[in-house]
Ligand SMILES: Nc1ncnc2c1ncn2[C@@H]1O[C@H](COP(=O)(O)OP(=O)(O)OP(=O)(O)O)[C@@H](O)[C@H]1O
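The form predicted alone is given below as one chain in structure tokens.
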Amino acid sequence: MHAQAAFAPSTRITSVNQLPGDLLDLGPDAPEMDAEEQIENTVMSFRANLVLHMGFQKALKEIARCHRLGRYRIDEPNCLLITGESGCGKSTLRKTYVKQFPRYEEVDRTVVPVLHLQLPSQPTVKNVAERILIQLGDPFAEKGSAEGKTARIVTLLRECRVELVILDEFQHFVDRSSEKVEYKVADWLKSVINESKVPFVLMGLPRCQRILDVNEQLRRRFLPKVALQRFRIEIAAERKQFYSVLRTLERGLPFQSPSALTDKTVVPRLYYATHGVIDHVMKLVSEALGIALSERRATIDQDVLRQAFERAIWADARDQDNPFHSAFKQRPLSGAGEPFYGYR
């Protein structure tokens, strides 16, 4: 587990007056920040924390393995499918990995070690091909048929020395498609992989598996699979990981006094308040940090978490629906009209 904390471990604050004024490098002529701006910067710095829990680390390792094997340019490169519910870290995973392999310029070309993009909400083979061409620097990306665009993609993947392609939000092909369109997408993807010999990593909601199911040859390429899932408190190993995430966030808080994040009576409430989804955890704790600083609290206690839940997760929650209220009866908030409706 790891977090990039906003302060050095030895720096603890007990009031807003102790907040550092140089959290953002705004240059020598920048106006001095007031207390509210300092609080906002502290919260945003905390929100940018990267928590490398076990599932996230496993996914990073699998992408790296796919990438390494892809450098051999074998005829049938191994590819990877990464699925997960919304908020479980897929986009953060993509951005974290590609940051290690920035594009760079050579005399005769732009080298793009890892090509990545997020698919549009209404994708077609043609407009996705166009987006890939734009990312590869094709000045005429919008011109030509789907077949012509695909041929240029294969050429540019080679000329730009692309070693890995990551496509995020791949489930959008499923959202609007009939089975016939799904087969067309699968066939196009198989063709690009075969001709370019570049491995692809597909990311999306669990239903994007359907595109692979309609093409047996493509499905064999994506046999390695990783599922980024929410933590489930009823499973001992995942409960331990969830607690470890909270402990990591606790270490990143700029308070002298311990917070309620790792209090064993509060941890189950944090679980029900976030459904074990890492993005909701970060939203809730970041909001709580802002409230505690604004109200000049010594730390984040259960009352601060109660307010943060109403602001960041469920504004219309009744007392009995707020996990940090004494009237709450421990239960998942996944019913119709509740914040986690639709999660499995």
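Sequential numbering from 1, following the sequence displayed. Everything numeric in this text was worked out from a predicted model, so none of it was measured.
Below: the form predicted together with this ligand, not depicted.
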* Contact of residue 88 with this ligand in the model of the complex (heavy atom, 4.5 Å) -> yes
* Looking at the partner-bound form in the model of the complex, is residue 214 within 4.5 Å of this ligand by any heavy atom? -> no
* To do: Consider residue 317 of the chain shown here, and say whether it contacts this ligand in the model of the complex, taking contact as heavy atoms within 4.5 Å.
  => no
* Interface membership of residue 295, this ligand in the model of the complex, 4.5 Å heavy atom rule -> no
* Asked: Within 4.5 Å of this ligand in the model of the complex, heavy atoms considered, which of 299, 302, 49, 41?
  -> 49
* Asked: Among 67, 306, 53, 275, which has any heavy atom within 4.5 Å of this ligand in the model of the complex?
  -> 53
* Structure fact -> Per contact check vs this ligand in the model of the complex (non-hydrogen atom within 4.5 angstroms), the hit among 90-98, 125-133, 67-75, 251-259 is 90-98
* Triplet 151, 182 and 185 all within 4.5 Å of this ligand in the model of the complex via a heavy atom -> no
* Taking this ligand in the model of the complex, which residues along 189-212 bring a heavy atom to within 4.5 Å of it? -> 205
